[in-house]
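Let's start with one chain on its own, the form predicted alone, as structure tokens.
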Amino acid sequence: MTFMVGGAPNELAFFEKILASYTVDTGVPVTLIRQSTDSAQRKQGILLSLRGQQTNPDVMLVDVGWIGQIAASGWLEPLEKYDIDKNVFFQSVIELADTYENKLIGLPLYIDGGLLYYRKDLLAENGFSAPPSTWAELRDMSERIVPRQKAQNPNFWGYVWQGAQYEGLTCNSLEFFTSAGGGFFVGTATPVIDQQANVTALQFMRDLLHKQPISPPNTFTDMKEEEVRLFFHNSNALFERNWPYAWGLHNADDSPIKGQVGMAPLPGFKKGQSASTLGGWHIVMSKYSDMKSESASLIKYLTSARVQKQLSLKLGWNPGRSDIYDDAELLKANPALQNLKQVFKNAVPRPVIPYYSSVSQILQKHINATLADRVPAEQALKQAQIEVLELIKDYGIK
């Protein structure tokens, strides 16, 4: 049996040990098919194997953004008949990301989601006892604190986020749009991009850069994950939108902001309407596997509470299972898990559709044009809706 996974050397070494333990427990040998850390190369390798109907890999890790495309091609083995308990996972993730045409086609091994980092020391110094729960509160706090900080640091800004024209902009936009009551799609074939809630959200995003700006002017040209993280890390911002990986880096021993950082769900346009774009890696079985029962056993083993706990303790991964977020040993090692559990409950997946990559490119182009102040929000979203509808027709979907 084979398991295909990519990642950093320490991650691959960890999986080698886990697979060796599985072999000792079951007597079934597993070969690790190593992939690079580059997501595009990992996706290409997986698609080449599946298109060729190869029996290997039997089991693989796929990015949540790829599931729709792979499932629509009929290349994944449904998992219901293998006695897998899906109730121990985040149910919204199972229903919205790992279910395709009412069939369970994957399980979350590692969960990611957008969240808010904030300078708790600066909020406290200025009389704020809690992070913002609405976007209006974030703006108000920024307008009060930033001028004082700029007197000491002219490069200080209120809020840094991913606004460059790439996939991260789609993720940020989905969070803004959803927290305004909007979104990209209803179901899998009905785009709702051109709606007032989305227009309101996009205008707010544009205003962050151009109206009493609280976000830096290079947001729409340069700001990706690491650019955003380093900007905040170097004490140049009050708030940051990023993924959970930044937490450990902000609190490392050599971090200039160690102990000064808080973590919270992203704000919403109204209280209680926070949204977080779902990220992470999901485990799936190839339809062409010639060892399906053994593959199902491996999937259950890798998503077991024991292995998920080890993934968190050894690699810092956020478990796909919701039932171990209250584990005392895990919380002692990573207290942030307590906050992340609530973030992941609000996780919103990108559309699980086979043509998602093309949809994302359309959205990036038009949303970025508004952030650059070249095209009004309403016009940008109207044109994006037209192009997505044309794309759907090209796929032959009515």
Partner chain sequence: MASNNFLQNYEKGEVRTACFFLAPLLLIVGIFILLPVLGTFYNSFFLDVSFLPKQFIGLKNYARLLSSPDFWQALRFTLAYTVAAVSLEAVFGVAFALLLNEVFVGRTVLRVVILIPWAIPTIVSARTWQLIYEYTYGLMNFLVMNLGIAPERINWMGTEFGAFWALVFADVWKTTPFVVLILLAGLQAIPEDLYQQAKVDGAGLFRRFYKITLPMLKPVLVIAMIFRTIDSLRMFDLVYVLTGGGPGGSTRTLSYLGFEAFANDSFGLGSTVSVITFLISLAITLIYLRAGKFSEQLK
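In this text, all values refer to a predicted model and were calculated from it rather than measured experimentally. Think of the rigid core as the biggest set of C-alphas that the two forms share within 1.5 Å after superposition. Numbering follows the first chain given and starts at 1.
What follows is about the form predicted together with the partner chain, which we do not show.
Proximity of residue 217 to the partner chain in the predicted bound form: non-hydrogen atoms within 4.5 Å are present. Shown alone here, residue 332 lies farther than 4.5 Å from the partner chain in the predicted bound form, counting heavy atoms only. Of the heavy atoms in residue 311, none are within 4.5 Å of the partner chain in the predicted bound form.
When contacts are judged by a 4.5 Å heavy atom cut-off, residue 369 counts as touching the partner chain in the predicted bound form.
In the predicted bound form, every residue of the candidate spot (51, 155 and 236) has a heavy atom lying within 4.5 Å of the partner chain. Scanning 203, 196, 92, 73 against the partner chain in the predicted bound form with a 4.5 Å heavy atom cut-off leaves one residue, 73. Think of it this way: in the predicted bound form, the partner chain has a heavy atom of just one of 273, 165, 149, 99 within 4.5 Å, and the residue is 165. This chain is displayed without the partner chain, yet in the predicted bound form the stretch 369-377 from 369-377, 344-352, 23-31, 53-61 comes within 4.5 Å of it by heavy atoms. Contact residues in stretch 44-67 (any heavy atom within 4.5 Å of the partner chain, taken in the predicted bound form) are 44, 47, 51.
Taking the rigid core as fixed, one finds a CA shift for residue 36 of 2 Å or more between this form and the one not shown.
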